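Quick heads-up: it's one chain on its own, the form predicted on its own, in structure tokens.
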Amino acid sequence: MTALQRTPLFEAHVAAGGKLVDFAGWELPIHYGSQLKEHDTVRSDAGVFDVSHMTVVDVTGPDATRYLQHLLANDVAKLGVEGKALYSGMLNQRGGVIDDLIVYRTAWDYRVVVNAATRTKDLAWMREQAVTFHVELTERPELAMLAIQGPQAIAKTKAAKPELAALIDSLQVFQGLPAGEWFVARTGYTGEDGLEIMLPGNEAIAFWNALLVAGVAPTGLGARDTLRLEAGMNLYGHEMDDHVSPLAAGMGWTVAWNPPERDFIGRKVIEAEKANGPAFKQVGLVLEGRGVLRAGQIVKTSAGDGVITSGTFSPTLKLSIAMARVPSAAAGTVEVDIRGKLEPARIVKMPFVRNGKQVFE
């Protein structure tokens, strides 16, 4: 049996009373006593997540831009100035989503942040595609990564690390810049304002402790999942995978079709899918019957069956919500098979929650 990996913050999680679980091969906290309380704290105040298990890769070299324009469905040519960030799918030749990621334009070319659970296959695919380009991929496992999220996240991070205040104030949403060996980005995965900060692993516990002193609550990965679902954000293995196209996974807006001559991996397949009309689409569901919506439940629509990809009881809305992949013609009211009983639900436009408030009608 392979030992679980630990981030530089392992001792801090133990000290904070974290309930540690196996998360994609990493020993990480699912909560620190109450997932619901941690969820509410991020919506109303500020919480910090240890996301050091995510994979950071610096992409450099004379062909770095051309390589990423081939690798990604979105176009890094949009990143006009240093610091700008771009969300994109990384597709296979069949048009399936290998992973989603964020890429930053940096002074050294680009920084890419991909998921932890898909690290091995992502890196193998990126290296395989790099063979024909003059490009170097440098993984940065020595970096820790903290996500500070919530309406008070910016203010409390500046209180914990005053020397970053001016840099933080200069950042626009979806922008990241270096500060020495640190990299500070105004991004996140919760639907709240906040920061994602990469820093040397040996400085992570001191920064974590400073955040806690400033009033930021340690927050586990359980709350991270309910927060991201309320925010309508995809998770690999749920809303997308190697067999689901970005058009069926609600990621059509991330595909840069222009210029038409940019031949990114998977383009021809999803271009044909778009021309024919995608068979499936991603929607939000709100349960109007009894029970709780969960991944894998069948969705009955007038246009055929779909499936729930992620579902939960929303701590913010106090009702059951889900993301689902359904036939493109589906609309209005549907039924969900919950333990053999069909319960009514309705299709809504996502996200469900933004900045702590319900945003669907």
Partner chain sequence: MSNVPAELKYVDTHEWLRVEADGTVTIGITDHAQELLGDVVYVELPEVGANYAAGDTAGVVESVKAASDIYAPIAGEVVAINEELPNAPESANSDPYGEAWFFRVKPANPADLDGLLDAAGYAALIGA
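Not measured: the values here are computed from a predicted model. Residue numbers count along the first chain shown, from 1.
Absent from the display: the form predicted in complex with the partner chain. The rest refers to it.
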Which one of V307, V292, A331, L317 is close to the partner chain in the predicted complex, taking close to mean a heavy atom within 4.5 Å?
V292
The partner chain isn't shown here, but in the predicted complex, which of 322 to 330, 43 to 51, 27 to 35, 299 to 307 has heavy atoms within 4.5 Å of it?
27 to 35
With a cut-off of 4.5 Å between heavy atoms, is Q69 one of the residues that contacts the partner chain in the predicted complex?
no
If we define contact as a non-hydrogen atom of the residue within 4.5 angstroms of the partner, is T312 a contact of the partner chain in the predicted complex?
yes
If we define contact as a non-hydrogen atom of the residue within 4.5 angstroms of the partner, is K341 a contact of the partner chain in the predicted complex?
yes
Would T226 sit within 4.5 Å of the partner chain in the predicted complex, counting heavy atoms only?
yes
